[in-house]
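The form predicted on its own is given below as one chain in structure tokens.
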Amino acid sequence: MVKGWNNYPAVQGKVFRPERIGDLVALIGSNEKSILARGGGTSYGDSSINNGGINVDTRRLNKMLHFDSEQGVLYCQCGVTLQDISRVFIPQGWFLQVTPGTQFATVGGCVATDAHGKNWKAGSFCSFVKGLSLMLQDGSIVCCDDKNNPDIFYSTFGGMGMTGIILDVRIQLRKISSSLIDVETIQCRDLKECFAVQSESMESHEYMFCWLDSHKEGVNMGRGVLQRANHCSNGPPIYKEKRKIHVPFYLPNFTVNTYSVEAFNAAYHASVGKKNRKKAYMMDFFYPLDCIANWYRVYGKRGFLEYQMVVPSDGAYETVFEILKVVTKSKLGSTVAAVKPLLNARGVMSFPMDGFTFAVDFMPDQRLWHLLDTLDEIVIANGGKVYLAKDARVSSKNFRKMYSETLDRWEPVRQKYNPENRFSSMMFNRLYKG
């Protein structure tokens, strides 16, 4: 079974696990089926699924090839995970400049999705990649950076694997003097206050994230819990493994429902208090859900969908307010909903722009598809787009509206390097042929 992290969709598919680059050359030379490289399987939706060809699991291509300890540049293969990097380099005083919400993502996957995270000032993964190499559809390898083959270099970020198989990457790490994060947690009474606190925190705090209640309507709609943080300067940088809580089986589909979500949201909002400040271990702050193995099983065997969009800064509050009003009225939103600022990314197909991103999880439901189409219309009308790494259902028509400007630059490059569509996915077929 091949699936995204959210278990939706899940399909039967062929998987190939290369242990060396030569295995990939042999695969491309001997197989006429389409190919898609997969990393840690932590993206959502159908972006990392190829149900009509070969799914290349790259996690065995996980060697760290070289580290420049003076400049902090790591040269590693695509299958190295963010956890691998943290385990090795936090004790040496280095950490990632940009990280998504899970340490189990691979470097190759972070490039393909152009991952972003709580460190909104840093932008996206693209800003800190010095170069990479790709295997093309004929088995040849191209090395690229911002000066050599820049067209395919920038088209690979956010390109969801459609330009080639990412083989290795050179990443700029950042120097740290402690493995602690100074975290301030603030209870916000409504969406307006969430935006106000985020705005006032932009100059003073490097990291920011705001959880929202996806069910609360009325004057307190958008009530949330905001976290803002900076690195600490005291305390040695150490890496420690934490014991995981396991969800051993899929819970019944009715476990996540209107009543359980409302109860959780109310309890979580109340538990924080008005404001508190503490020092937290950095891995707990960046990857809070990684301590729960297979947490997606809480949603049941049907899995869940996440809707994540970004809109420009001008009018962002009004747009998020409009979307949240639709979501709260539907009562279909789940326990995970969030809003945070983003900065424009350099990748051609990258998701981040100067604006705000809003994300919310949903259980599959017959009423959901119309709701999400409605959200698409609001996003398009306000100059925004959905995050392809989280998507499983946006229509080809709406996709082209959201990404119209970037597609004009990206599509000629994709056709140049992947003219026979040897690299393909369920998402590509949906967005291009649907």
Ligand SMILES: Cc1cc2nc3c(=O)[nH]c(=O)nc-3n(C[C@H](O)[C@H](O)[C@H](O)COP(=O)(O)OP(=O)(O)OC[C@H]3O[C@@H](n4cnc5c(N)ncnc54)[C@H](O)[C@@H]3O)c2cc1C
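Position 1 is the first residue in the sequence shown; the rest follow in order. Here the structure is a predicted model, which is why all the values come from computation and not from measurement.
The same protein has a further form, the form predicted together with the ligand, not shown here; the description that follows concerns it.
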Contact flag, residue 8 vs the ligand in the model of the complex, heavy atom cut 4.5 Å: no
Proximity of residue 289 to the ligand in the model of the complex, heavy atoms at 4.5 Å: yes
Residue contact check: residue 144 to the ligand in the model of the complex, 4.5 Å heavy atom: no
Contact test in the model of the complex: residue 106 vs the ligand, heavy atoms, 4.5 Å: yes
Sole residue of 224, 333, 347, 161 within 4.5 Å of the ligand in the model of the complex, by heavy atom: 161
The single option of 194, 129, 165, 320 touching the ligand in the model of the complex, heavy atom within 4.5 Å: 165
Contact test, all of 47, 100 and 340, partner the ligand in the model of the complex, heavy atom 4.5 Å: yes
Which of 235-243, 108-116, 195-203, 214-222 lines the interface with the ligand in the model of the complex (heavy atom within 4.5 Å): 108-116
Partner contacts in the model of the complex for 34-72 (non-hydrogen atom within 4.5 angstroms of the ligand): 36, 37, 38, 39, 40, 41, 42, 43, 44, 47, 48, 58
